[in-house]
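You are given structure tokens for the same protein chain in two forms, set apart as structure 1 and structure 2.
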Structure 1
């Protein structure tokens, strides 16, 4: 850090801290009041005249992820170095642009009175769900996307079961001295009945990697909604997008409202509908998350058409590693449903040998099939 361009004549620390906190919030960091107070306290312990000290005091109290640091650095520069730190501004002008997705992606609710045939909107409500279930996502109208949310809300996405390390009471299994003792207390200290416990089973983690590049655009909307439905259902699930780079969107998708969640997520994804460097993005996932533990024992689902503008060898190698780390790898390719489909895309052909299950994912029915595949992965191999 460069040296003292200090916040000249600092106002009471708290005011400055509050104003800075507001800037960070505007930039997208989750900075609650408690953090702001922590920042002010930290500054009291350090030299508030030293830029370096202020910088670190803020960084250790106001950020909590390495990803936060870039935003923090930019905001810090703008706020403290523009002289703004001296005057706490009620409404800082600092705004970071959050790309707003196309209107049509998030249809305004209930604006359509009549559809193209001149029929009333009421009719849409009764629009045969069955048709929608098998309709290709690429052909969806905005209203049908809204309908899709309702369908997805009922879709349960939960990983195949695995044995956990936690124990639960059971009629037989390992001896349980704690509960035996508790029971003994009720029978005058005599362990009349012995208690046992066994390992609990719990769902495996599910990791979803969704391609959001240009060639996937007709499907990525629907698939992102699918990701949201999965995260919102409270399943043990992690979601990432693959594009020119890798973006983790689990946190953004935790909001209940699907439209809001997607808006947040697309703020996080900067490369939506951009080019595809599939191999690099998958590799980044394996390097940064997968190998450290996220993919271990998990069911990993890649949703992509397999178009890769990068080096195909990277994709093949990354998928091979991913397949070794993960419990099961599932590839979902919306194009697979096309009659006479062959995995001609170089990326797809390279990845296929390292995939356990290959599915289509172009309509709602195929997503149901995916949910079944995710849950069933264990049954074949106990």
Structure 2
């Protein structure tokens, strides 16, 4: 009689990676599920018994900024070296705490209480939607990304209007002799009713340039869904990605299915999660699209953390030209929400003087703020 196969067990390294990720989140690092999975996969290829392998696998996959390293080192020492040969170090002023499971937004936690009649009643302790709106995109789970699609479906990025040079029929305004004469021909040459025209009002174009390099990986997925929601709504909007090159993805995002749209966009983007040459990519946009009319009078939004491995002088000059062409330039940096953040990255420092509005884009509430900023910019002239 064949022996029954033993039930599959989760590898111990995966459990340790998940627990270590909780410690890092409690310390203040934005470590999402994808980074934890990447750390566990890296350890499958390395020696889990080697401290150096574990340290560098975690440092490469779980940190993205130089300022993360100090917190990572302290958390690594606390989690992996505790009880052994942990070297004494001056402790920075960072409070470590491990998030409790009931802080997750799915499913909503319930408590059973008795009402005045002595009957048990279920009481919700918080709204999962409200938690999701303020939660950092880097900490989203796959289920929460599905809920984000429903939230983004109600977000309108355009709708603000601008004055056009063209005129349209109106009940009052500028006198229209041509249409008045045409109407008089139908009444025997008698102008029974006079016609008028007024200035046409039309939506202002919005151009989104989204950084998809490796440093933006925790936010690229959510921001690409944001781009898709804007394009699929039918608004006057163009979408591009920035990395080591410029890629136009407006056509790929026109389908209403978010998953299909992202698959099509991922197929078109050849440099996703790669390096960054913001200056070259912005310069290509200005030379190829901006000066030909796409950026003239438009609201241009750059979604990037400002990390640039190219020539920052090229980025500064390209942003200066872009700001002169556009009606308003908005820069969205997810790192801006971090406590004590300062735009010290060379690319961010070079671009900031040529930006009209500087916002964060780390959660849904910040994207709502971005939508209001875009609408306010377009309403200034209307």
Partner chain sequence: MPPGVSRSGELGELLRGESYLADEGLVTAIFLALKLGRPLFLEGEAGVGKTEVAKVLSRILDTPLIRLQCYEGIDVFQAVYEWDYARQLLHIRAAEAFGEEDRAHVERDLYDREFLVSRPLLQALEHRGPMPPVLLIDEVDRSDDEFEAYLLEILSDFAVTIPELGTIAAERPPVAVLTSNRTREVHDALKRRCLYHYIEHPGFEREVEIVKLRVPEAEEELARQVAAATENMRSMDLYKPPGVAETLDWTEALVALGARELDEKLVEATLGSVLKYREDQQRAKAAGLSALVGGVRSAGGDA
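Whichever C-alpha set is largest while still superposing within 1.5 Å between the two forms counts as the rigid core. Residue numbers count along the first chain shown, from 1. Since the model is a prediction, treat every value here as computed from it, not as a measurement.
By the stated condition, namely the form predicted in complex with the partner chain, the first structure is the one that fits.
Relative to the superposed core, residue 323 undergoes a C-alpha shift smaller than 2 Å between structure 1 and structure 2. In the core-superposed comparison between structure 1 and structure 2, the C-alpha atom of residue 151 has shifted by less than 2 angstroms. Annotation for residue 217: C-alpha shift under 2 angstroms between structure 1 and structure 2, rigid core superposed. A C-alpha shift of 4.6 Å is found for residue 178 between structure 1 and structure 2, based on superposition of the rigid core. Relative to the superposed rigid core, residue 54 shifts its CA by 58.7 Å between structure 1 and structure 2.
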